[in-house]
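Coming up is one lone chain in C-alpha cells, specifically the form predicted alone.
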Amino acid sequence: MDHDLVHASDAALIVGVGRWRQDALAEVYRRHAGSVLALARRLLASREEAEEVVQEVFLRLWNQPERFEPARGSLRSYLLAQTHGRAIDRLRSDTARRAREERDARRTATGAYDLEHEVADLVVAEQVRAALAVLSDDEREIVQLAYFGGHTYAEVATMLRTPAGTVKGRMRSALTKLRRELLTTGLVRP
C-alpha cells in the first residue's frame, strides 16, 4: 500500500477514489468498514445482510465519490448515514415482502379451501342425484318441484292437477326413500 495513502486525509482519499484508484478505496475501507459493518449489524441483526450493506455502501462510494461533500461532515458520518439508509431500505423491503407472502399464503389457503369445498359439493350433488334415481317418476317430480323449484305442496298439487293429499303422501314416501338411500352413503346420520 502506498505509504502516502495511509497518512492521507479522507478528503484526499475521496479524490483518489474519484480517479479510480483502488488503493485509495482500500484505505477508506480499512479505516471505516468496521464502523459501517457494526452499524449495519446492529440495525439488521444479520451478519450476511450487514455484509451486503457494507458492500453496497462502498460500491456506491466507488461509483459516486462526488456525492460525499467534506463541507457537510466527515467521511465516516457520510458512510454511516449511507449505511443507515441502506439498512432501513432492506428492513422496509423485507417487511413489504413478508406482508406480500402472507397475503399470498392467505389467498392460496382460501383458494385451496374453495377448491376443497367445491369438490365436496360435487360429491354431495352426485349422491343426491343417485338417491333421486331410486324414486318413481311421480315422486321425483314432486320432490323436484317442491325442493328444487321452491313451490309449496298446494302449488305442486295445482301444477300436477293432483289432490294435495296425494302430493303429501308421495312426498312423504319420497323423503323416506331418499333418507334410506342417503343413510347408505353416510351423507345423513341415523
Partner chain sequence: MNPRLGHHEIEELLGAYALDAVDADEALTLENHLRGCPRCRAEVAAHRETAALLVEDRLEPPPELWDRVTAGMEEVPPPIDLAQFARAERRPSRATPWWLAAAAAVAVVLGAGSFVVQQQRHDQLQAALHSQEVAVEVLAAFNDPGARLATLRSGDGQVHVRAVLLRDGTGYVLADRLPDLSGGRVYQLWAMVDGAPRSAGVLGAEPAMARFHASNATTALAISIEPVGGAEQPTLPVLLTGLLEA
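Keep in mind that this is a model prediction, so the values were computed, not measured. Here the rigid core means the biggest group of C-alpha atoms that line up within 1.5 Å when the two forms are laid on top of each other. Residue numbers count along the first chain shown, from 1.
Only in words, not in the display: the form predicted in complex with its partner chain, which the text now covers.
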Of Thr162, Ser46, Gln55, Ser136, which one comes within 4.5 Å of its partner chain in the predicted complex, counting heavy atoms only?
Gln55
Considering non-hydrogen atoms and a 4.5 Å limit, does its partner chain approach His84 in the predicted complex?
yes
Consider Ser35 of the chain shown here, and say whether it contacts its partner chain in the predicted complex, taking contact as heavy atoms within 4.5 Å.
yes
Flag Ala157 as yes or no: does it have a non-hydrogen atom within 4.5 angstroms of any non-hydrogen atom of its partner chain in the predicted complex?
no
Determine whether any heavy atom of Ser77 comes within 4.5 Å of a heavy atom of its partner chain in the predicted complex, and answer yes or no.
yes
Listed by sequence position, which residues of 134-156 have a non-hydrogen atom within 4.5 angstroms of its partner chain in the predicted complex?
Val143, Ala146, Tyr147, Phe148, His151, Thr152, Tyr153
Compare the position of the CA of Ala154 between the shown form and the other one after a rigid core fit and state whether the shift reaches 2 Å.
yes
Aligning on the rigid core, do we see the C-alpha of Leu175 shift 2 angstroms or more between the shown form and the other one?
yes
Taking the rigid core as the reference frame, tell me whether Gln144 has a CA displacement of 2 angstroms or more between the shown form and the other one.
yes
